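So here's one chain in two forms, each on its own in structure tokens, numbered structure 1 and structure 2.
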Structure 1
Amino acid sequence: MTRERIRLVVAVAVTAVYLLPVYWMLNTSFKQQADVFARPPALVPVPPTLSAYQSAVFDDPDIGRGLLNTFVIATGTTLLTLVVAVPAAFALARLRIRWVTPALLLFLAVQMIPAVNLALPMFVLFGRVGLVNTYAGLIIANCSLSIPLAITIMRPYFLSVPGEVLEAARVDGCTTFGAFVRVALPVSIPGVITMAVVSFLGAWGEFVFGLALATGDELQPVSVVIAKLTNAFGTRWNELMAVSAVVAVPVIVLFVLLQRYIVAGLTDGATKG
């Protein structure tokens, strides 16, 4: 075997072992309740069954509602983030404005703040203005962290738009807004997709704000619903894994479809330059 072959074999083995938890989740979710207690456990579910999905997901209105809430919150967060963060990233990359460095530092520093530090005062402040137990409150809370992150991800894409092109557009009579919408934005679509996906995924898995700000059952995101039900599941691991898989699947699908953007966003955002 050549060295490259050996490397390939080692890498496949490492990747397989590393993602074993994900496989084990799917494996368990397709098992019968009784098979969960097999010792040693079966490596494949024989026969595979959807019974855990039926009982824990489709027959459980709490989970369905949680998924719907999560979807609404994640979508709202993504849209608001786009509207606020894209122009800001453009301004920080390409406009001659004041306070560029302080603003960049602010957005960077915000990303280091623990969510708990925001969730506690938000619970009090949102309570005063009627935002506890509302979609709006949860979306705003999620955006507090996703907007700074999105700006950080988006800005490099605008930096790669040559300033001369924008200058030319302006000389030709474009307003700044026109140059932004007609010139800068179209060539920065990959960046917009990246930040949208990262914002959506972040809000999809969010837990702390949901736990603190959705005190009633009605608007709780699915992450909080699962945490609440965890004890109720007891040893029904196949059902817990089925619910987990349902939460994970949209993430996995988005990841596979848009993997190029996600990995690029994560790596570019962190290392280039």
Structure 2
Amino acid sequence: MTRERIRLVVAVAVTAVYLLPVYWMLNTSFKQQADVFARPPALVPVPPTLSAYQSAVFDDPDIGRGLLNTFVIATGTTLLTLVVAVPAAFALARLRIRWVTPALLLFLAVQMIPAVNLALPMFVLFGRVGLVNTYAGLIIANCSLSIPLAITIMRPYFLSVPGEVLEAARVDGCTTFGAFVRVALPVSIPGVITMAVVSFLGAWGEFVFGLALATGDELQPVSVVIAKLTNAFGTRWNELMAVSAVVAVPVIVLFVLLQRYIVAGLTDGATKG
């Protein structure tokens, strides 16, 4: 067997291991509850049924409301992250600002702090300014983690833009902001798309802030709502997997459509600068 075939076999085996939980999630979602723990387990649901999707997704208003809340929170987090992080990354890369290195170290340190350690202080602070149980509070909480990450990844993109090009733009009459918008930003689009996707997916699956800051049922994201399917009286695994499959759809669609930008953006961001 040639080396290439060995690599192919290993790659297929590793991919199968990673995809096995996804397959089992879909497999369980198409089973009846009585068949979930059958021995031996059925590798293919026979007959497949949509009853779990009907009862847990389409007939449960909490799931629909949770999905809508999650979409609003993830979209708001993405937009606010891009509005703040992209100009900030350009400023840290191209403007003569003091304390750039300590600022970058601070951004890295913030990313190391677990969300659960930030949730309680945020609950106290947001409670004093009326942001608990609001979309704004949840978006700001998610941005506390996504903005430092976005700045860290976007700054190398702007450092890779030749300074002579930016200087030529200024000579032609552009202001610093004009050079940023007309020159630096267009050549950094892959990084911007990458950060938009990463921010959206991070907010889409976020759980801790949703649990701590959305005290009412009406604003809870689906990651919190789905946890309620497990309780002291047991778990309806086929329904839990059906909801999980629906929640995973936007993640899979986004990754499939934008995988070229995501991979290129992350690798370029790691090597540039």
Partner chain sequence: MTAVLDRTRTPAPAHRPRRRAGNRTDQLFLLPAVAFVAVTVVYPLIYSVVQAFQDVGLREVIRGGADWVGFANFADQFGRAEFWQALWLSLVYTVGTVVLTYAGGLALALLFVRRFAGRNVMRALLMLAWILPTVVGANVWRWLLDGSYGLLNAVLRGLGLIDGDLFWLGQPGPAMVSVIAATAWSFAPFAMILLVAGLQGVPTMLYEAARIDGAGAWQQFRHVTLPALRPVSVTVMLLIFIFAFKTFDTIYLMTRGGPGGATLTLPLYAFQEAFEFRRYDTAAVATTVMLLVPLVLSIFYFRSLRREETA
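Residue indices: 1-based, along structure 1. These figures come from a predicted structure and were not determined experimentally. If you superpose the two forms and keep the largest set of C-alpha atoms that fall within 1.5 Å, you have the rigid core.
- Structure 2, not structure 1, is the form predicted alone.
- In a rigid-core overlay of the protein, Q33 has its C-alpha displaced by at least 2 Å between structures 1 and 2.
- The two forms, fitted on the rigid core, differ between structures 1 and 2 by 2 Å or more at the CA of A11.
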